[in-house]
Structures are given as structure tokens and as C-alpha cells.
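Next up is one chain by itself, shown in C-alpha cells, the form predicted alone.
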């Protein structure tokens, strides 16, 4: 006969193995989900566009952000982190990214939204490269699952530009 400790060890090992297998299957099942999120961002106003005393350009924008990210949610999704970034080129850098706004979506019920907001974070360029600059607004998202690996993606929206003169 086997001792009580040996039997308990076998039972716990079996339970942990089954749990790990269930987590792996849950993680793999997310690969069958093909999300189709949509988003639109409109700049309704440029609140100010100024040169700081240090010589850097700073912009404050008012935006309408509408998105339908419900397809990102499955039974394995814990939450989705989203952020809007302004992306542009300068002579020094081929890609500059400035985060303007972010949010955490805790449930599918909150994943379809419309918000009227100003940029939450400062839109500052290290230099005076923003006058007349064309830029993209990109909605990035990171899906945080209950089990398995995170994944990220984005929607790039083009055709935005800043004024030629400071306001």
C-alpha cells in the first residue's frame, strides 16, 4: 500500500497538470477569435499651439474619439488597455510618438464608446518641428487575458496637420 503522503502528492500533481492543460487550451482558443475593431478620431479644436520658453513646441487638442472594440473581448479577456498616440517624422527621427490619451476598458459593455476630450498628456516636440507638420493619430490596444499571452494591435488614422503659425 502507498502512504497517505504519496497518494496526496499524486492527487495534487494530477490536479496541477489538468489545470495547466486547461489554461493552455484556454489560451489557444483565443487564436480562433478574429477581432474587427473600428475607431474614428476627429480633432474638433486646437486649443493652443505655442513655443515654450525652452524652444519646444507644445499643442493642446480637443478630440472626439469613437470606437467599437467589443470584438476584442472573449471569455478569456480580463481588460483592454487603449491609448491614442500622435505619430510624426522630424529631420532627427523617422518616428516620433507622443501619447495623448489612454484608458482601461474593464468589460465588453464599456468597449463601445464615444468621448469628447482634450489630450490627457502634453503634446510636446523637443524642438520647433511641429509648425505645419502632418501627423497620424493611432489608436493602440493591448488585450490582457485571464490566462495566456497579451497581444497588441493598432488602427492608424492619417490626414491630420498642425497650423503653420503659433496661436
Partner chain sequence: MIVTSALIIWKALMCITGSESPVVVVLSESMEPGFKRGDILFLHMSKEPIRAGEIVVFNVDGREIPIVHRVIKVHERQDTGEVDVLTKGDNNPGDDRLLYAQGQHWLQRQHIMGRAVGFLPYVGWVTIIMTEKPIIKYILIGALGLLVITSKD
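Nothing here was measured: the structure is a model prediction, and the numbers come from that model. Positions refer to the first chain, counted from 1.
This protein has a second form, the form predicted in complex with its partner chain, left out of what is shown; the following refers to that one.
When its partner chain is considered in the predicted bound form, residue 88 lines it closely, a heavy atom lying within 4.5 Å. In the predicted bound form, its partner chain sits beyond 4.5 Å of every heavy atom of residue 48. In the predicted bound form, residue 26 stays away from its partner chain, with no heavy atom inside 4.5 Å. Looking at residue 31, you'd find every heavy atom of it more than 4.5 angstroms from its partner chain in the predicted bound form. Out of the listed residues 38, 52, 42, 126, 126 is the one that sits within 4.5 Å of its partner chain in the predicted bound form by at least one heavy atom.
Counting a residue when any of its non-hydrogen atoms is within 4.5 Å of its partner chain in the predicted bound form, the hits in 131-167 run 140, 142, 144, 145, 146, 147, 148, 149, 150.
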